[in-house]
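Considered here are two forms of the same protein chain, supplied as structure tokens in two stand-alone entries, structure 1 and structure 2.
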Structure 1
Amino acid sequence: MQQSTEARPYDDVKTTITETWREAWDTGTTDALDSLFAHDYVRVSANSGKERSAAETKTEISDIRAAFPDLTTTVDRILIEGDQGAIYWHSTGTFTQPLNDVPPTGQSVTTHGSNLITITDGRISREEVTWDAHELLADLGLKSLSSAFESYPEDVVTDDLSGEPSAESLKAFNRQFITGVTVVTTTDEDGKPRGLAVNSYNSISLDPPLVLVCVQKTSSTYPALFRSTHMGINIMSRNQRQTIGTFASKAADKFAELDWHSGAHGSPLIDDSAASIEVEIKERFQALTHTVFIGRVRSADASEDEPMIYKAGKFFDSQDLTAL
């Protein structure tokens, strides 16, 4: 009888956890957690050490549920010993609405985690969690250097650059760096071609064939690009000054006066470019105001046309370069 008496409070707590999690995570009734959390409840991220109150935890749940309306969560196992316990769970859902500043991709995801809990007077007073929105984005293949939920996570440099170096010094440095000019292209949900001018392109490796581009989140093309599985990268030739002007503009249809064709995976590729590749997007790293897209090259084509050059805010013809 002694064992049964001691086990009953544990069973009550397990039942309350299972029921309130179902209400909060599956139906969005986050106030149900009030019956589970102690008045001084705190949720601690094992990765960043960041603490959240009960109210902040409810807000995070609501934000995630808004982005994943079909989200369902299953409590797989609960272990309790004394005033300590562990909750093991998994969730499935489809990313169909924005998650703060992250556009929806339409992808389905299964994510899982474990919560270490401290129980005080039958309620959870502390949770140490291995999972947060960072992990959810990672499970979707959307790696996060910054986050919709963390102002300054541990993996972002947050030094004040207003002193040394000064903003002008940094601009002066950037003006000395010469790049080519690309137009990154994709299609939106209606199949309409979209694109923007980008000079932050780099080859990562030849084996495997990986490249990256960096795109500002305020670009009108950004939501379509973020949702896409593939993108085209077109290196502008010396004869495409007017084309690059079109893509640097806010024209409603930037492809209206252009000759272009679809790549094997549907990416718009611009005719008469110095070179074009079609890329399968593999990673999306969020970096504050920009997203770094990393992709594997699936096709490549180059012409004999000389490329355009960009330096210090101006475009140059590369045909008459003098070899050192």
Structure 2
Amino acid sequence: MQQSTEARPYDDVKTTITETWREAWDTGTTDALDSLFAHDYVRVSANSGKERSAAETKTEISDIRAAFPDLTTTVDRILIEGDQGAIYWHSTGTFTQPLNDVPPTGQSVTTHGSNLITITDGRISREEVTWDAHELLADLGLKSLSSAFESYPEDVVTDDLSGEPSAESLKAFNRQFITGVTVVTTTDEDGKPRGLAVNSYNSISLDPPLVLVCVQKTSSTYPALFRSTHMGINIMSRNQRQTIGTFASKAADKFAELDWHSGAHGSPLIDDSAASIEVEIKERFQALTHTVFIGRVRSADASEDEPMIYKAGKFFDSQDLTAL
């Protein structure tokens, strides 16, 4: 497109920003930005340093709008001094569609940001985007901004992933680690109980009462779990060998033959477990193939039944352990 080389007065630039942003961010007409961006436009993320061209910026807007279909963006203030300026804005939307590989949480999010702009001949040639990632992430229940906006999470895995140790030596190491085994539960969008066997449970702290589980993203329970505000964690007793087999499987209705009840926040809790807790999900750390869910314990119930033991692919009875 032909660009005027004549410098626009500040007010014209402000009007163009407000109008083209409304068209691009609120209606999805990203080509409106052609009249705002200079031919060598670049958008730099202040968080990651990543640079995007005009075309990539338009794609990013479309991707975010697809994930937050009701997104509205308000330009709160524009300041321009010489060839430098700042746009202060906030956006509100509901995360109802996947964003890259991140399933929607259904939550409504408001985020504030500011873009530092360089103006060349009345158009934006460079834009450095700073937004309050913390606020957005807390609302989304995500720790890593990149987990939502990049194709892979760079804060968790920053390293070269190849090399030592081999899978075999890591498996050998894991086989020496004895755990209990839990069933992590939630309900899906239809209110149906869902769950899977999990031995990656760990207690983080007593005060505040935080726990974690790691769940593989290929699990059929995962999308429902990611969307949930709460989950149940049931420690299997020595009498629940059949139950753990069911939850380690891909059975369509794992709860069909089971006695269970709903916790105060709706998570399915399995009757006769050694112990059950219901937790509020606070963080969802992305770790490539898995998500680490961190939860705050909201209720806890322990029985006298002895727990089941898991070691090197086999389940054991914990009743007659010898103390050292």
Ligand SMILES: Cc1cc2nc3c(=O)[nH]c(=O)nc-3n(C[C@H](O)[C@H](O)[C@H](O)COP(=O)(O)O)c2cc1C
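Residue numbering: structure 1 sequence, from 1. Definition used throughout: the rigid core is the maximal C-alpha set that superposes within 1.5 Å between two forms. Values in this document were obtained by computation on a predicted structure and should not be read as measured data.
Looking at both structures, it is structure 1 that matches the form predicted on its own. Comparing the forms between structure 1 and structure 2, the C-alpha position of residue 22 differs by less than 2 angstroms, with the core used for superposition. When the rigid core is fitted, residue 313 shows a C-alpha shift of 2.6 Å between structure 1 and structure 2.
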